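First, one chain by itself in structure tokens, the form predicted on its own.
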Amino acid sequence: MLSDARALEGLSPYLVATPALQARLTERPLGLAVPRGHCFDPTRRASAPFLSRLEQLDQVVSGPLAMAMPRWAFYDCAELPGLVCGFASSAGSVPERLREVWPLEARNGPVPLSMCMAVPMLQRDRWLAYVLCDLHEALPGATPPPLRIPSLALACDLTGARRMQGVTQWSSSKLAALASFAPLSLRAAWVPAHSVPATCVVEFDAGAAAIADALAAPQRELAARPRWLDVGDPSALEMLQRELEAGAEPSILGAPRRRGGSRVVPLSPEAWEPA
């Protein structure tokens, strides 16, 4: 399914999931074989070194943003009820510059360079992807090419989800990766229950055609003149949330852009007029 497998040359997919879940997943996601040594059961002691490396990856990428996850959250919220997947390199192939910021306790075994966490939702064939990162975020050029979109596509194909939900902060660069699957149906625009209220919840088609489109053209041209949302304006986000709660159904049409000094997101252009 990858249009150019050479882009991932030297990397292999990995999977963290219980055996019961592994048996239900796609055998060759994106047309790639997951090496036997890259499948990890979180209930086995032998998986501990790789799971520690996932935590190291999160610390490198999310630590500077004060968004790093505690170890228990990895286990309770992803590794046990759902899955963690992404792309990995062999320890011996990790560039020396990465070792300066990422301590590796051994030079054997796979080293995760990207990560997507996904958990099943109550609705059939629907999953939530709530962590998506790669080392390219913290160290541009460390993982050519950037691996967030392929990692999200990998999670979609592994799970066989028809619809995928995503949650991220409006200010996060992860929104651009989610937008590769645009249009994204917006479910929430301002979430006071979250530690960062300026968070959005989106839902999108995760079928084979959507995966192929996301991988082939991650940043598509806008087909219509959009309504631009300034995501740095809390009042605009709260107003959009009120529209959603009143019955509006806006969609995100593409990745965030810079306009002047603002970061803006293109929304479906239909004007909302409450009844």
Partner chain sequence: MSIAPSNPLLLRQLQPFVVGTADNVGCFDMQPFGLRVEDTHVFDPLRLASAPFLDRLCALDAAAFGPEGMPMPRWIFLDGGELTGGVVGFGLAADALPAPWREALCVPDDHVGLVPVSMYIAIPTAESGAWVGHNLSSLAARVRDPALRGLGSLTKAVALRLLRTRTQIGAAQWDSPALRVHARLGALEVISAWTPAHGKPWTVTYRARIDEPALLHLARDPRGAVDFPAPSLWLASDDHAAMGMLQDRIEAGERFRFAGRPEPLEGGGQRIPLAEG
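Worth saying up front: this structure is predicted, and the values here are computed from it rather than measured. Positions refer to the first chain, counted from 1.
The same protein also exists as the form predicted in complex with its partner chain; that form is not shown, yet it is the one meant from here on.
None of G92, P192, P140, P145 but one reaches within 4.5 angstroms of its partner chain in the model of the complex through a heavy atom, and that residue is P192. Contact with its partner chain in the model of the complex, judged by any heavy atom within 4.5 Å, is made by just one of L98, M121, A176, A198: M121. At the 4.5 Å threshold, heavy atoms of A255 stay clear of its partner chain in the model of the complex, well away from it.
In the model of the complex, its partner chain sits within 4.5 Å of a heavy atom of R242. Proximity of R36 to its partner chain in the model of the complex: non-hydrogen atoms within 4.5 Å are absent; the residue sits far from the partner. Proximity of V264 to its partner chain in the model of the complex falls outside the 4.5 Å heavy atom cutoff. Stretch 74-82 is the answer when you ask which of 176-184, 74-82, 132-140, 148-156 has residues with heavy atoms within 4.5 Å of its partner chain in the model of the complex. Contacts to its partner chain in the model of the complex (heavy atom within 4.5 Å) from stretch 18-42: L21, R24, P42.
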